[in-house]
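Form predicted alone, single chain, as structure tokens, below.
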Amino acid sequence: MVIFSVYVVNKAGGLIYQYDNYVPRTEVEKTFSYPLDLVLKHHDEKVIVSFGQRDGIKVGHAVLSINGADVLGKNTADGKDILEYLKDPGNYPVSIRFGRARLSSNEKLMLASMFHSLFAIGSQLSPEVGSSGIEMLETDVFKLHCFQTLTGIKFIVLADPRQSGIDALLKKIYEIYSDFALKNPFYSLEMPIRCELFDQNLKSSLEVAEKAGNFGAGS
């Protein structure tokens, strides 16, 4: 079983902690001749495929490396604009590695804020007073589990749909937060969590949950 990532969101909707435990790598590398038979474009400081799918390369995949050298956003490793580089016939044949780009820090902040708003909307849409809000969202490849404390802190875990024991894991993460963040004299409430002991105990708990397939009672 796999636990993908953990998010901690404060009561104002700000992301105060995020850890990627496992990031699936779906990458494809292929050598192309001129002209390139894919349409690429700039998008959020990346170069992505906007049209044309082949050999596992899909629309939305980003350029990750050119000729074995990792790209730097919209530029090649030596600082050239990727789109301009690929327009030059003299640079072919060229080997390009495509894959899903990892979320940037700003994108993670934005998504945490969006989920905070969605959580509030879910509570307001409830036909009954005192709704707990969104506790789980399910897709075909992962489940998002959320536990909100009485003080409004949200602990969010993204895991394999078959992973059990997530309710108990969320409560364990809350205990770790209480023991190693709140009791840390240098930690300020609602601020980003930067504590080595918090990191170590969180990672240890995730490892236990994955190996056991569950983390105590709960689902």
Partner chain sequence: MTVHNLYIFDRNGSCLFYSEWNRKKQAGISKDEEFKLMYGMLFSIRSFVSKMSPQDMKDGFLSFQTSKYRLHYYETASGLKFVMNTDLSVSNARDTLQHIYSNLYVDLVVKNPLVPSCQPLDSELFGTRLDSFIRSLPYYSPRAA
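Being a predicted model, the structure only gives us computed values, none of them experimental. Positions refer to the first chain, counted from 1.
Just so it is clear, the following notes concern the form predicted together with its partner chain, a form of the same protein that is not shown.
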For this session: Assess the spot marked by Tyr7, His61 and Phe115: is its partner chain within 4.5 Å of a heavy atom from every one of these residues in the predicted complex?
Result: yes
Seminar exercise, completed: In this chain shown alone, the residue from Ser105, Thr139, Ser95, Thr149 with a heavy atom within 4.5 Å of its partner chain in the predicted complex is Thr139
Problem set entry | 4.5 Å heavy atom contact, Ile121 and its partner chain in the predicted complex | yes
Problem set entry | Partner contact for Arg100 in the predicted complex: its partner chain, 4.5 angstroms, heavy atom | yes
Exercise. Heavy atoms within 4.5 Å of its partner chain in the predicted complex: does Gly73 have any?
Worked result: no
Exercise. Going by a heavy atom distance of 4.5 Å, is Ala77 a contact of its partner chain in the predicted complex?
Worked result: no
Problem set entry | in the predicted complex: members of 128-149 within 4.5 Å of its partner chain, any heavy atom | Glu128, Val129, Gly130, Ser131, Ser132, Gly133, Ile134, Glu135, Met136, Leu137, Glu138, Thr139, Asp140, Val141, Phe142, Leu144
